[in-house]
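One chain comes next, on its own, written as structure tokens: the form predicted alone.
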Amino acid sequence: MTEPIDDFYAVIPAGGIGSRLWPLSRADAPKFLHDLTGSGNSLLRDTWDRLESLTGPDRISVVTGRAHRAAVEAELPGIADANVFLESEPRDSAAAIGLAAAILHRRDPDVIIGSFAADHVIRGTRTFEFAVQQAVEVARAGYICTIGIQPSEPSVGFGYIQKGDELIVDGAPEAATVERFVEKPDLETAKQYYSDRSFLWNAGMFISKASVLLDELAANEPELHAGLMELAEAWDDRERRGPVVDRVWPTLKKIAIDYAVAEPAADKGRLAVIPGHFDWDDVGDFASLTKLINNGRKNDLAVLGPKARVLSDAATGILVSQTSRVISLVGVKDIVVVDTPDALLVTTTEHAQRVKGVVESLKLTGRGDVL
């Protein structure tokens, strides 16, 4: 049985709506609140359960929007009120993770934090735990550490991390420096990365001493850092917190942690990586959800929804139903059908990434009632 790591604190950023999974994922019911694996739990709950053995129940915090507080606390009845950090509005991952780092550093200057998205799917608990344990040792050595996933295919849907030289850190036999980050590639480039085993998928997991992460943020984004430190100074005073959040939070720069911290740290030789040998998916669109539910089998029809009533004949792809309507699919390949009480999506797995464009169009036409 895994023993909790005494100085380690997990942070779960639970934001965003997962717009490529519309109309299943909505502003009031984002991706992390759904069961997308058939486990019986939401992705958020699965994330909590995966981390609890490494931290214990009292050292997991969630950063989420005010509108999602009740739902988050219902999914995580064991979470302490002091460990729910509420955003007044989305300001991207650097602000969310930086806020948690600043608050936790103020409570414990020596704390090591690890950031793990609320809406990713991971299979292989022991190998995940081993990767995190190695990353904590690397963090103790003064590095910011990420966990990169050994690719299982030449994917164009993920960014990549290129491993550099081996790092000699006790307790972290797989540690390496990060040579560079690269954005989502085209297919030919992805094939090259897949054949070159030094490239890993960027899973957006970061483990570091809170003080080291904040120092890097101060060097690269000083105004953002100053705002987060002001918030942290007032956070545990209930009377002061509200007015300070209302004044400071909307002024914070919107920037991803990759750009504000990880990439600059890599340029300075301060970023390390541990290869993750577990199955991982960010469930970024209906194509990846189809593959996840079908366990990679392309000739099946994946069905999601406790009330789904489907008749299929020679059909492949995915059907997601939140209604009791009978849906018949005959002779269609790689289809995506998402049936909800107020919206219907029909596309193909090939075009699944384009669903985000539908959401943007609905915003422009003022159809916020279906978002």
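A quick note: this is a predicted structure, and the numbers were derived from the prediction, not measured. Note that residue numbering follows the sequence shown and begins at 1.
Another form exists, predicted in complex with a further copy of the same chain; not displayed. Remarks below refer to it.
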| Are D246, I255 and D258 jointly within 4.5 Å of a further copy of the same chain in the model of the complex, each by at least one heavy atom? | no
| request: Pick the stretch from 63 to 71, 30 to 38, 341 to 349, 46 to 54 whose residues have a heavy atom within 4.5 Å of a further copy of the same chain in the model of the complex. | output: 341 to 349
| message | Taking any heavy atom pair closer than or equal to 4.5 Å as contact, tell me whether I17 reaches a further copy of the same chain in the model of the complex. | response | no
| said: Taking any heavy atom pair closer than or equal to 4.5 Å as contact, tell me whether K307 reaches a further copy of the same chain in the model of the complex. | reply: no
| query | Is there any non-hydrogen atom of D58 lying within 4.5 Å of a further copy of the same chain in the model of the complex? | reply | no
| Contact flag, W22 vs a further copy of the same chain in the model of the complex, heavy atom cut 4.5 Å | yes
| said: With a further copy of the same chain taken in the model of the complex, which residues across 354 to 371 come within 4.5 angstroms through any non-hydrogen atom? | reply: R354, V358, S361, L362, R367, D369, V370
